[in-house]
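Okay, here we've got a single chain as structure tokens, the form predicted alone, with questions on binding and movement later.
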């Protein structure tokens, strides 16, 4: 099996897994979804996952080590723009400009 075939098999398995999870979510009884704990979890789990993904992509390396580089400065710039209540596109632009400027130096 070549690397390209393995990649397509992984993509297909992931797509089937995502479809299965979606189908499983649709089969959950509505009464269970109306419970306050479930509502609170449904609101907080995506935030936790997004924060973990952001931290991993900002500070992670390919060798299971943490690194503080231009990406961290871009994240800090985005955080500062959010603090100033800037629009989303300005937040993204600030992060991109700071990261690119530090990488160019």
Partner chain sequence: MKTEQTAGPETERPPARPRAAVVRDALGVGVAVGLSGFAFGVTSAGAGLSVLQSCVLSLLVFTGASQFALVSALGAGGSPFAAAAGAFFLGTRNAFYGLRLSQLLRLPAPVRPLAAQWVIDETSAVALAQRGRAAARLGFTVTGASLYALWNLTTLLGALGASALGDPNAWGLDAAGPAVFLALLAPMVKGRAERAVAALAVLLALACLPVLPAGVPVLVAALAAPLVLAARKAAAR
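Numbering follows the first chain given and starts at 1. None of the values given here were measured: they were computed from a predicted structure. Just so we're on the same page, rigid core means the largest C-alpha set that superposes within 1.5 Å between forms.
There is another form of the same protein, the form predicted together with its partner chain; it is not shown, and what comes next is about it.
Within this chain, residue 50 lines the site of its partner chain in the predicted bound form, having a heavy atom no more than 4.5 Å away.
In the predicted bound form, its partner chain sits beyond 4.5 Å of every heavy atom of residue 84. Remark: residue 68 does not count among the residues lining its partner chain in the predicted bound form, judged by a heavy atom distance of 4.5 Å or less. With contact defined as any non-hydrogen atom lying within 4.5 angstroms of its partner chain in the predicted bound form, the contacting residues in 80 to 103 are 82, 88, 89, 91, 92, 95, 96, 99, 100, 103, given in sequence order. A displacement of less than 2 angstroms separates the C-alpha positions of residue 83 between the shown form and the other one, with the rigid core held in common. Once the rigid core is overlaid between the shown form and the other one, residue 9 counts among the residues whose Cα shifts by 2 Å or more.
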